[in-house]
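Okay, here we've got a single chain as structure tokens, the form predicted on its own, with questions on binding and movement later.
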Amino acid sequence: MFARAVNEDATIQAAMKDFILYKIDAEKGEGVELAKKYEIRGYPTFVAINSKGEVTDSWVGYGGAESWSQTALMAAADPRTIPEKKKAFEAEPTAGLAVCLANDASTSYDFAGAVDYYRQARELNPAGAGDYTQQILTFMYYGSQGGAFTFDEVEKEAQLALNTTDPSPEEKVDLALMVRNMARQTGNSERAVPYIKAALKATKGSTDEGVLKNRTHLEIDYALLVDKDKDKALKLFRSTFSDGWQENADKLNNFAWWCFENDVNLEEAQKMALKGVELADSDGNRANILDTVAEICNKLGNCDEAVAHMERAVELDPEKKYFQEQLVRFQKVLEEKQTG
């Protein structure tokens, strides 16, 4: 997206008058060593350096032309190195320096550090609380994947965003999706309901294509969590697929896995997943879908079938430790069932 925008967007082109953009493929050639040198962990990552090769700014992701240009111009306006900026912040903290240091921390996946700096920015500049809180939530979400934050900690910040920073309808949708994902992963799905309700209320009547797409996903969760209507949720979920999806292995697997996760329509889900196995274009993909089939069989009580499907998955992808662990797991379930 950025590669196209840099050649077409006037805002980005105007910002680039203050620096030279040099693109590196961090997974090939000299890019591999440069990625190690500058501790690149995610893509795209933007690193501002001076003539000595010292880092003066860095940030991850392209959040749109206006956001990117603003960050880039701030980087160009303050050529001090990151260590110099840290010393300056300790001596006289400002919101601008806090944001810069937060973004730099995030490039090395120090999400706890990034959150701490953004919280300081929010204290130093209350007028920007809404934007800072959104960034805090983003970094807390990513950090939670590695155990840096608990769901309770994220939800506390989410409540602050919902109740005190007056998020836009689009931001309420993003917030609801984030909380929903974390709540589901941690077995706290019901706690996502207030955010789902707020997002659906805020976007009622919206004609924005992106909002409508995400709104449908939230309506699915509403049907499951509030209406307790699995048939309605299944109908809504089917509507998210484009024509011909039943001939696509990945989409068949996605459909089957959703059914498994939500304990809906399991018999059809198993058939769809098995069809996906037949359509898959590689042994690794077949093994992944067989894992879905095995999970569904296990949930249906067909433990012997679950074992058989995982045995085949291990044969197809013997190097993947996860499949071996799954096979052992299903074998234990089958043994317990047989011994009563």
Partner chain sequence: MRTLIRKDQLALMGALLAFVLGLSGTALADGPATFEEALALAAKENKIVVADFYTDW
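The term rigid core refers to the maximal set of C-alpha atoms that superpose within 1.5 Å between the two forms. Residue numbers count along the first chain shown, from 1. Please read all numbers here as calculations on a predicted model, not as lab measurements.
We do not show the form predicted in complex with its partner chain, though everything after this point is about it.
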**One stretch from 192-200, 226-234, 155-163, 256-264 that, in the model of the complex, holds residues within 4.5 Å of its partner chain by heavy atom** = 256-264
**Request:** Sort through Leu274, Ala280, Ala48, Cys303 and report the residue having a heavy atom within 4.5 Å of its partner chain in the model of the complex.
**Result:** Ala48
**Message:** Considering non-hydrogen atoms and a 4.5 Å limit, does its partner chain approach Glu315 in the model of the complex?
**Reply:** no
**Asked** Is there a heavy atom of Asp250 no more than 4.5 Å from a heavy atom of its partner chain in the model of the complex?
**Response** yes
**Request:** Answer yes if any heavy atom of Val6 is within 4.5 Å of a heavy atom of its partner chain in the model of the complex; otherwise answer no.
**Result:** yes
**Prompt:** Going by a heavy atom distance of 4.5 Å, is Phe330 a contact of its partner chain in the model of the complex?
**Reply:** no
**Message:** Going through 67-85, which residues have a heavy atom within 4.5 Å of its partner chain in the model of the complex? Please give them in sequence order.
**Reply:** Ser67, Trp68, Ala75, Ala76, Pro79
**Request:** For Asn285, decide whether the Cα shift between this form and the one not shown is 2 Å or greater, given a superposition on the rigid core.
**Result:** yes
**Request:** Using a rigid core alignment, state whether the CA of Lys28 is displaced by 2 Å or more between this form and the one not shown.
**Result:** yes
